[in-house]
Structures are given as C-alpha cells and as structure tokens.
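Starting off, we have a lone chain in the form predicted on its own, written out as structure tokens.
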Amino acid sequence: MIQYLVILLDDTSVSFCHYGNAKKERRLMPLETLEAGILFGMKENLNIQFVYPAYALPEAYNKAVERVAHVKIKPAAMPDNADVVVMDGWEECESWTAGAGVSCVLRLPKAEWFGHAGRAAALLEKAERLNVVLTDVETFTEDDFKAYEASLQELAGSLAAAYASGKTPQLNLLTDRMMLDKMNNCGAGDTNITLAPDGKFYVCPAFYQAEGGYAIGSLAGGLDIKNAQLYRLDHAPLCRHCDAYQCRRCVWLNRKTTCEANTPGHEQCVVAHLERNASRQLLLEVRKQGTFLPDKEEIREINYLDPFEIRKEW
C-alpha cells in the first residue's frame, strides 16, 4: 500500500540514492502541478517528501510546500530548513554544520569510501543520522568486498566506543540492522511513488532522472502500475526469506543488474550481508558494556553472503 509520495520539484533535484541524475537543465515543476500533487497526497493520506534543486525556489512554491506536513530533502549547497541534507563526496562534508534533527545522506563511489571510515565517524558527530550510499555498488569485485568489510569493521569499532560512552549514533550500514526485526527496504513502487515535474508518477526518482525509466501513471489519469505485485516483498523469491533487513533492495539497481524488479544482483546482496555481519559483531560488542536492546534477539551467524547460494534450502 502506498504510504509516501516523493515530489521532485525540478528536473535537477538532488539525487539521494544510487542513481546519478542525467538531467542537467533546470525544469521547475509548474506551480499548478505542484498544488495538484500536494492535493493528491493529502487525499490519499500520504507522507510527502519534497526533493529540492540547488537553487532557491520562487516564494509561491515555498508557500505551497508549507501548506502540508512534509520532509525537505535538500542538496548541501542549499541546506537551510532541510530535514535531510544530501552530500556528494567528502568535500561537501568539511564545512557543513548540522542543525538539530537533521539527517545526512552521503553519496560517493567505492573508491572514495575505502580507507576513509574514520571520516564517516567524524561526520556522525555532527549529524543525528547518517545514510551512506555507494553509487557504484554494481561494480564491486572480490577485492572490493574485502575492502568494504575492512571499512565496516573499522567503523564498527568507532560506533562501539560511542555507544559505550552513552551516545547513540545512527548509521544505516551498521546500526539499522541491530534495531530491525523485519525488512525495511526502499519500497519503491510498493510503499512509495514519485511525482516528477512532467506531472507523471514514477516508481522512484531514478526512473525519471536516470536513463531508461518509465512512468506508472499521471496526475491526470491516475496510477497505473503494471504487475504491481513484483514490487512487493512477498513476490521476491529470495528477499522474502532474507534477514539482511537493512538492505535497500533497490528496484532501480535490481532492474539494472538482473532485469528483474524483485531480484537484486550478486553485488547488492553481498554488500548487504557484509553489513549484516558487521552489525552482528557490533551488537555483540555493545552488549559487553551492559544491557542493550534486551528484547532484541541476537543476529544469527550465517555461512553465506549471497542468498542465491542457498536458494534450494529456502
């Protein structure tokens, strides 16, 4: 069931996930389209998230946005009044000062992540929550998996020390899995949809801003999601059995790597399970310091990194 509506205010609205935005020319959503999108969200009782470009909007747009409860997702160049600030690479992190309640999304390629886990720990000192998004997960090699595992272990050490001192940093790669007892995936096409400046609905922003996407309806004609069941967890043959609950299970990456909306590629699965295993070790370490999440079961030990390897057991 759809619960969230993402509204891209401009063709150049910031990307906050794996995809790169191929649209470089400004195209502001017509004001009447914005107002109709807000009305649609209100009628459907949806949580609305506005995604901003890197320039100031006309005042009429700001007034329209403020008429409804919402979340603002903004690029680091325009962080004022943001609920979520998106940074591309480490350079944008250096001068950023978070406000109370602000989360941060850090997008960067694997080469900029490996060997820099300490910088992520420092960023957690400024943000209440940090979501790290690797923009080239589909290119991971066996050597990359090893480097990623090492970076997670290093970062887990910093997080364990923070928890021992009474702090509670949130990092999607490690702390989410400690808290979850069921899948908490992206939900594109199932629990959330995107409205683009052209007045059409899309599975997620990537299906509009990246190449090769497609619409799933419009404000004028309503939603029209073909084979809607394929976006649901209960129709994902591997994912519905998996307990890497923090995995984004990115539909856009799935389609890109396996040509299936509901089946992740090998790289996405291994990365998710490396995070899961590092979360397991972090949870064990934190519990050595005292009672922590007493009602939460331990994360069981597993002997695989890609569920495809044990598909016959499932």
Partner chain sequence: MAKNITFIVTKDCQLACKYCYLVGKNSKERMPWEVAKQAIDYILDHESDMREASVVWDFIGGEPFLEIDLIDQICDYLKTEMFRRNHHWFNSYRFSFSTNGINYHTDKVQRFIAKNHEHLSIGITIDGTERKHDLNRIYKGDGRGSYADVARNIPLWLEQFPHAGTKVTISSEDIPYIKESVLHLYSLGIHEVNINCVFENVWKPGDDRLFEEQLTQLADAIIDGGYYRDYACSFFSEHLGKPLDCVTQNQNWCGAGKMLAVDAEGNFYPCTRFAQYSLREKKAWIIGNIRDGIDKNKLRPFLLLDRCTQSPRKCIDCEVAEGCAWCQGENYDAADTPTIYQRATAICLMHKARVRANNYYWNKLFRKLELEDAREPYEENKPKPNPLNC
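Note that the structure is a prediction, hence the values are computed from the model and not measured. Numbering follows the first chain given and starts at 1.
Not on display, but discussed next: the form predicted together with its partner chain.
Undergrad: The chain here is shown without its partner chain. Which stretch in 31-39, 63-71, 45-53, 255-263 comes within 4.5 angstroms of it in the predicted complex, by heavy atom distance?
TA: Looking at the partner contacts, the answer comes out as 255-263.
Undergrad: In the predicted complex, does every one of 182, 275 and 296 come within 4.5 Å of its partner chain, counting any heavy atom?
TA: No, because 182, 275 and 296 lack any heavy atom that approaches its partner chain to within 4.5 Å in the predicted complex.
Undergrad: Sort through 121, 147, 230, 223 and report the residue having a heavy atom within 4.5 Å of its partner chain in the predicted complex.
TA: Checking each option against its partner chain in the predicted complex, the one that comes within 4.5 Å is 230.
Undergrad: Report whether the minimum heavy atom distance between residue 4 and its partner chain in the predicted complex is within 4.5 Å.
TA: Residue-level check for residue 4: no, no contact with its partner chain.
Undergrad: Are any of the heavy atoms in residue 167 no more than 4.5 Å from a heavy atom of its partner chain in the predicted complex?
TA: No.
Undergrad: Since only the chain is shown here, I'm wondering whether residue 237 would be in contact with its partner chain in the predicted complex (any heavy atom pair within 4.5 Å).
TA: Yes, contact at 4.5 Å.
Undergrad: When the contact criterion is heavy atoms within 4.5 Å, does residue 251 count as touching its partner chain in the predicted complex?
TA: Flag for residue 251 set to no.
Undergrad: Judged by heavy atom distances of 4.5 Å or less, which residues of 269-302 approach its partner chain in the predicted complex?
TA: Contacts from 269-302: just 269.
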